[in-house]
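Here you get one chain, nothing else, as structure tokens; it is the form predicted on its own.
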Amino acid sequence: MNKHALITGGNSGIGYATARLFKDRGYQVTISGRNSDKLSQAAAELGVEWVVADMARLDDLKMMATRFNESGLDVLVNNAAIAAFMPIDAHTEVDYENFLNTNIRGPLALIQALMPALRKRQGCIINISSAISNNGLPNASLYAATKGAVDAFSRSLALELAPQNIRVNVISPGAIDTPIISKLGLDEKQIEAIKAHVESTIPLKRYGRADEVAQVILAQAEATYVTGAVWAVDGGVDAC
């Protein structure tokens, strides 16, 4: 029986690398995202199924979950999120709504909608957090708050769902070389300066790669005696 995996935010970065690795390991993979053009292109490259869904829209999440009513679901990777860095003075009501709905309510609502499918296969849930939840960063309080919430609700869900043999864990990436840094509105020189500074603070002295995070996501999915864990993939930052 083929194993089924749903990876949100699967059209680029960590989500794309994870979808590719799971596909290579024989999983039947579905990726989701908000941009149909980018999503369909990624799905064609990977040879996987795709569904357009916005993590901030509850109707989208319920619709996506129905795809697994009959087959059940073995692995959910809650990867999709939004990120932006801004001082506290710049936070707006729209920012709060977007961050909380996408990064906290969205993953929880998707898990809720997928519970029948996860129960059918005693599946596992892997939520993607961030090293920023344990390591402060200026201008990142709102983003860090949402990722800290992911760590917190995952531990509680792990205890709640353990009697049903549904495991819940977290992957906490550090500085990973993905397209997200290009979305910060900085020019190339500024980006290179930031990357050089960040690398100087990492014990391994380099950014991680998306495929390196994907390897740990797969390992966590297949580690059948692990639940309620937060695995850091950060080049040693959490040990500092």
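Numbers for residues come from their place in the sequence shown, where the first is 1. As the structure is a prediction and not an experimental result, all values here were calculated from the model.
Keep in mind that the form predicted in complex with a small molecule is missing from the display, and what follows is about it.
The contact with the small molecule in the model of the complex, taken as any heavy atom within 4.5 Å, belongs to Ala80 out of Leu110, Ala80, Val170, Cys124. Within 4.5 Å of the small molecule in the model of the complex, a heavy atom is found for not a single one of Ala65, Gln220 and Gly228.
Proximity of Lys38 to the small molecule in the model of the complex: non-hydrogen atoms within 4.5 Å are present. Heavy atoms of Leu73 never reach within 4.5 Å of the small molecule in the model of the complex, leaving it off the interface. Among residues of the shown chain, Thr178 is one whose heavy atoms approach the small molecule to within 4.5 Å in the model of the complex.
Looking at Thr102, you'd find a heavy atom of it within 4.5 angstroms of the small molecule in the model of the complex.
With the small molecule left out of view, the stretch that reaches within 4.5 Å of it through heavy atoms in the model of the complex is, among 65-73, 22-30, 46-54, 189-197, 46-54.
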